[in-house]
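What follows is a single chain, given as structure tokens, in the form predicted alone.
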Amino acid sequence: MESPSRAHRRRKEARPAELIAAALKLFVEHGFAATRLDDVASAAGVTKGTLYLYFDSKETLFRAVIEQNILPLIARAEDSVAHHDGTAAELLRGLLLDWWSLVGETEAGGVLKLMVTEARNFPDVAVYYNEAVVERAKRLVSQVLDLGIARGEFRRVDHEMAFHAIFSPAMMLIIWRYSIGACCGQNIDPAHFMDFSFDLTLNGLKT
């Protein structure tokens, strides 16, 4: 049997992840402003004092949510781009579908809804998200576009505008899920939507 001291140590090591998971759920359900650290601690089954051992503010906790739920996925995408040996079109489609399955269809997708609704009220949080997530994703897409252009698959386009045009439909689908879709039952089939969206994107990029 596991000793009490070892079990306590293992439990202590798991607490940051438990707090982050609780924070993500509450941030998405109630919004950043309305979520109190007391609520997060209670949802994770610890005291507020215990929470402060790991996170000194709600902003720090939000950063941890991004670092645990979003940044590893970007790192995974960067690795895919670095080691891809197929066409640029296949690479771009894979990135979009991976993003949807790992972000859009999970609780992590709620972070986008959170940023849309509360960025103006918490500019420091918005700046961090833009630098840590958006700008990094832009560089990634630019690499794929450059690859496609160099191989003659894609025509030359404005990379900044292309990034927004490529990802905006998927981001809009997430917002739909957390707004009209959730309230009115007007669900859109994600698989069909993503295939349709990528078809439009690819035909717009082709030479």
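Heads up: residue numbers just count along the shown sequence, starting at 1. Under this definition, the rigid core comprises the largest set of C-alpha atoms superposing within 1.5 Å between the forms. All values reported here derive from a predicted model rather than from experimental measurement.
Keep in mind that the form predicted together with another copy of the chain is not shown, yet the notes after this line are about it.
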Hey, in the model of the complex, does residue 99 get a heavy atom within 4.5 angstroms of another copy of the chain? no
Heavy atoms within 4.5 Å of another copy of the chain in the model of the complex: does residue 138 have any? yes
In the model of the complex, does residue 48 come within 4.5 Å of another copy of the chain, counting heavy atoms only? no
Partner contact for residue 17 in the model of the complex: another copy of the chain, 4.5 angstroms, heavy atom: no
Taking a heavy atom within 4.5 Å as contact, would all three of 180, 184 and 193 count as contacting another copy of the chain in the model of the complex? yes
Only one of these stretches, 101-109, 118-126, 87-95, 67-75, has heavy atoms within 4.5 Å of another copy of the chain in the model of the complex; which one is it? 118-126
From the list 146, 29, 56, 38, which entry has a heavy atom within 4.5 Å of another copy of the chain in the model of the complex? 29
Quick one: name the residues from 145-173 with any non-hydrogen atom within 4.5 angstroms of another copy of the chain in the model of the complex. 155, 157, 158, 161, 162, 164, 165, 168, 169, 171, 172
Superpose on the rigid core, then tell me if the C-alpha of residue 36 is displaced by 2 angstroms or more between the shown form and the other one. yes
Superposing on the rigid core, is the Cα displacement of residue 138 between the shown form and the other one 2 Å or more? no
Once you account for a change of 3 Å or more, let me know if residue 117 and residue 66 sit closer or farther in the model of the complex, using their C-alpha atoms. closer
Cα distance between residue 66 and residue 118, which in the model of the complex differs by 3 Å or more from this form, closer or farther: closer
